[in-house]
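Take a look at this single chain in structure tokens; it is the form predicted on its own.
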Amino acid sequence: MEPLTWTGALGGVLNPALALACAAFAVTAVAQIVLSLVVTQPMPQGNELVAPPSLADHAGTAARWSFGAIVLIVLAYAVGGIVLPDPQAKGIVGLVSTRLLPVWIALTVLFAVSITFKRRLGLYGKLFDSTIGMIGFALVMFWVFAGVFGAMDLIVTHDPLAQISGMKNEPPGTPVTQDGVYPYYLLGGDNLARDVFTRMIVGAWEVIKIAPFATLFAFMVGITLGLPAAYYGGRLDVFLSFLANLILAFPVILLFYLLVTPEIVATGIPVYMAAVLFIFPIVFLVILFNSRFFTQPGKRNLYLGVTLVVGLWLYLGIAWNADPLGIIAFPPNLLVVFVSVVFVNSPTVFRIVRGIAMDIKTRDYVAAAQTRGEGPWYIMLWEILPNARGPLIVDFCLRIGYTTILLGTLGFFGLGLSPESPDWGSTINEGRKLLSIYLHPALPPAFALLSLVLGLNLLADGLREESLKD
């Protein structure tokens, strides 16, 4: 078999069009910036209420049209690659698009349903009124679906740990000589002859299964401690704020490194930290349901019973690796990273929740709830917390991005996850050793990490923009 080209049969038509569209976008974008600085905006004339468009406005319109052309051409590469039957005609881009077909279908269905019912979906639905928010959400969900489908072996082309003879540092599109496997290394091989494309996809799952859930646990810890600190004040606030400040006094990266070093892990400290931190989600949910359904004992007891049974079962399996059913178990390396993320992020979340709650507790609706005789936890969880959701959701998205960068940094320095893990940080570290000779092992995971963090930041901007309109 012949090596694949990047664009296959489509390149003869689309490559010149893409180059022309990129050049037009660069020229018009620069022209818009320059004209906006040196050309004065024209004033309305006569009975006109709006000033006529300036040269900068025309340049901006041209930039938008050229960017739209770039997007359409990229879509043409993807769609054409899926439709064409011959691998040589598809090229690398077409074959990658074909492998990612489940992701494209899932994204299309998600966006179609969300846009159709967006007026019934609250803040999530309003996200689809923001172009920035939609772009960020698309980037994030792309990697979520890629990670999930990759873990289900619907996308990957090879075993992420398999080494095929003759494929060491081979360039993208190189045919595989071994029988019974996918016939190409789509994005080339790394320095151990493993498939870069597969490791990039599986690496997305390593991020997805840690960053969001660890951040969620950190928020439960921060909310459970931050609300009473702000509501009650006094010595409780002083004590909890002192503990938070004590942790925040350490540089975040240094603290994170210390927690995952083998010497600290050997002492068993992360396990005891997990025992303390992982009890907070159970405490949070118990207080939440008890305060809400206190006057409905039947419903309250049902919710509390389910929370305690399921929560303690998960707690034993995750924190202590002592699941009586033998179903839930956390690998030691994963537990250390998970605990470290929760511990590092919790004080910051505590400070944010405390600051917001101190402002909200002075509002009239809180005073009205106190007059009705509502309990303190009901007021904190069902009056104050819902009105703080906008800033907290935005910070949640940003914090997942920070956590993703931390995980990548740990992997880059060989800390945290196991050495053979296909996480993006480890893959970038392995690829950068020969970066001056071979670019392809390091660039795909680096762009993957960049695009996910960018998507989370854009998503946070979109949520912030829409939450301010409430």
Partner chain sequence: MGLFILRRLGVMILTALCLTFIVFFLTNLYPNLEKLAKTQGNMRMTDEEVVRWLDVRGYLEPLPVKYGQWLGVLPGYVGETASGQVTGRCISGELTADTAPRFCGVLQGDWGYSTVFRDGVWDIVIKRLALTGKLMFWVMLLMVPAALIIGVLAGMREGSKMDRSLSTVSIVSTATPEYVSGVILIAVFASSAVGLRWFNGTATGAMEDATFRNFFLPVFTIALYGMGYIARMTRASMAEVMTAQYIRTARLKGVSFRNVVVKHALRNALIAPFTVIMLQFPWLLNGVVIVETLFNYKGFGWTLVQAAGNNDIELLLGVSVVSVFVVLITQLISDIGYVYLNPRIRVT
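Heads up, when I say rigid core I mean the largest set of C-alphas that superpose within 1.5 Å between the two forms. Numbering follows the first chain given and starts at 1. If you're wondering where the values come from, they're calculated on a predicted model, not measured in any experiment.
What follows is about the form predicted in complex with its partner chain, which we do not show.
Proximity of K118, T215 and N321 to its partner chain in the predicted complex is absent: no residue of the three has a non-hydrogen atom within 4.5 angstroms. For the candidate set F284, Y303, Y257, W377, a heavy atom within 4.5 Å of its partner chain in the predicted complex is found for exactly one residue, namely Y257. Within this chain, E263 lines the site of its partner chain in the predicted complex, having a heavy atom no more than 4.5 Å away. At a distance threshold of 4.5 angstroms between non-hydrogen atoms, V252 is in contact with its partner chain in the predicted complex.
Although the partner is absent here, L443 lies within 4.5 Å of its partner chain in the predicted complex, judged by heavy atoms. Among residues of the shown chain, P422 is not one whose heavy atoms approach its partner chain to within 4.5 Å in the predicted complex.
The stretch in contact with its partner chain in the predicted complex, judged by heavy atoms within 4.5 Å, is 239-247, chosen from 75-83, 311-319, 150-158, 239-247. Annotation for 448-466: interface residues with its partner chain in the predicted complex are L449, L450, V453, L454, N457, L458, D461, R464 [heavy atom within 4.5 Å]. Fitting the two forms on the rigid core leaves the C-alpha of V181 displaced by under 2 angstroms between this form and the one not shown. In this overlay on the rigid core, A275 has a C-alpha that sits less than 2 Å away from its partner position between this form and the one not shown.
A movement of the C-alpha atom of I253 reaching 2 angstroms or beyond is seen between this form and the one not shown when the two forms are aligned on their rigid core.
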